[in-house]
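As a starting point, one isolated chain is supplied in structure tokens, in the form predicted on its own.
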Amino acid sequence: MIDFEPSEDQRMMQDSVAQFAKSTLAPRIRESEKLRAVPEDVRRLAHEMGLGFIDVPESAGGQGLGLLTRVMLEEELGSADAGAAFGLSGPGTFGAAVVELGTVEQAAELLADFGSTDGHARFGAVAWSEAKPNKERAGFVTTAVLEGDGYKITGKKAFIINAPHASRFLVFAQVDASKGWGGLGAFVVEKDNAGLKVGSRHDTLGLEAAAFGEITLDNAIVPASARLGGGLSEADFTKAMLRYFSKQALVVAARAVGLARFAYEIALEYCETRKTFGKPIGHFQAVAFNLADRHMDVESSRWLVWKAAFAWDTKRPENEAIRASAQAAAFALEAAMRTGDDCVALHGGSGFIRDLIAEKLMRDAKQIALCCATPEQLDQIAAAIDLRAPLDPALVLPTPDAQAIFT
């Protein structure tokens, strides 16, 4: 029997987070935008609710409630302020990557302090992207060279979510230059490492409540134990990275669904109240068709995201779950952009004025599509699995050669 209804526990959590989003995030959306950060009292409340540990395994100190529950709650956050969803404290993308690439013991150790009483002030970050491709060879410019009982990391990373605030980074670097994109390694680097310098914050189009920035590594020395997934084969390490990117794409997609829902709802309200020629503009066929299409976008995105998250939680074959995630995220990101764009268009000239929220939703929708693998990269992953083609990292991972992303 097919059942699309959340469990009672999931519904209770969803209602709780929806109330938090409606009463706390939404009224302060412009405050967070001007502050360029989520206010501390909001971060503290979200931390007390355990929002950063929903799907982190219990073995790593999390709630272990699964990816489906996580995406349900992320949609509620996105429906109030997608930027705040990215700007909340906690392990974030760092936690997701550590769980996929590290051992159970490493994950527990690296995530422990994020759950402490002062965890609302702690951020994790993943340093994946580089602004420019390597012109000399395939792979990253940033390198990690084995020296003695540790590694020396040198290079520059950009487009890092919460880089200005992070206390701990997971840095991806080239370990074996001869293998190109197959020769990568992942290294935990603490903020107080003498060889790490946090650079300037990026001035971005949208999602202002989240801080995007860059770091420079100048002979940053880390112990051998700081490398995650070093014992995996090249194929297994690539698969672990794909799992990380796929699951993270679903989290971003859920926020995009929430954003699209927000944009649709305010467009619908405007079209019900704005009158011309004696009736609401929503009663005109061209506007009505537009609203109907955007409502379909929201509903379709949600079910695709839920289906993909369910595939992970029920341990469906890995390629099936990766493909479902790629399809769901690609659709949700594009649907959010369509809905945000049409929300502004339906408001007419007033949609471009910052007194209304419509213009912010369009800006956020454009940027959110770069906060995980792009729709084109996600399409490539889904097609490669359909065609039984090898998941070549050069084709299916978000790289500077193709498109650097925020992560």
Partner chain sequence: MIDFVLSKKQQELKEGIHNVGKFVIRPMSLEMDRNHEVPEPFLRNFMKLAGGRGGQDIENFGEDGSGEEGKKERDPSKISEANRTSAVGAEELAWADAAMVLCMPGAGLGGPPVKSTGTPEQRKRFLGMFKGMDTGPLKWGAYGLTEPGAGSDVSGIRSSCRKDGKHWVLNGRKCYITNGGRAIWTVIFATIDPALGRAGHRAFVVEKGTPGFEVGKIEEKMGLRANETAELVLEDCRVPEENLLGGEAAYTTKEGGFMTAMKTFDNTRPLVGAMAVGIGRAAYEYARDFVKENYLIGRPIPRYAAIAAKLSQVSRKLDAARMLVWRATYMADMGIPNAKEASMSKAAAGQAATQACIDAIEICGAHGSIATEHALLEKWFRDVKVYDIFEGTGNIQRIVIAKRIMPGLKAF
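Numbering follows the first chain given and starts at 1. All figures in this text were calculated on a predicted structure; none of them were measured in a lab.
There is another form of the same protein, the form predicted in complex with the partner chain; it is not shown, and what comes next is about it.
Of the candidates 265, 176, 218, 293, 293 is the one whose heavy atoms come within 4.5 Å of the partner chain in the model of the complex; the others do not. Just one of 191, 283, 156, 152 comes within 4.5 Å of the partner chain in the model of the complex, counting any heavy atom, and that one is 283. The closest heavy atom approach of residue 379 to the partner chain in the model of the complex falls within 4.5 Å. A residue is said to contact a partner when one of its heavy atoms sits within 4.5 Å of a partner heavy atom; residue 313 fails this definition for the partner chain in the model of the complex, lying far away. When the partner chain is considered in the model of the complex, residue 15 lies well away from it, no heavy atom lying within 4.5 Å. Proximity of residue 306 to the partner chain in the model of the complex falls within the 4.5 Å heavy atom cutoff. Here the marked residues 330, 383 and 388 all reach the partner chain in the model of the complex, each with a heavy atom within 4.5 angstroms. This chain is displayed without the partner chain, yet in the model of the complex the stretch 298-306 from 98-106, 197-205, 82-90, 298-306 comes within 4.5 Å of it by heavy atoms. Contacts between stretch 38-76 and the partner chain, counted in the model of the complex as any heavy atom lying within 4.5 Å, involve 68, 72, listed in sequence order.
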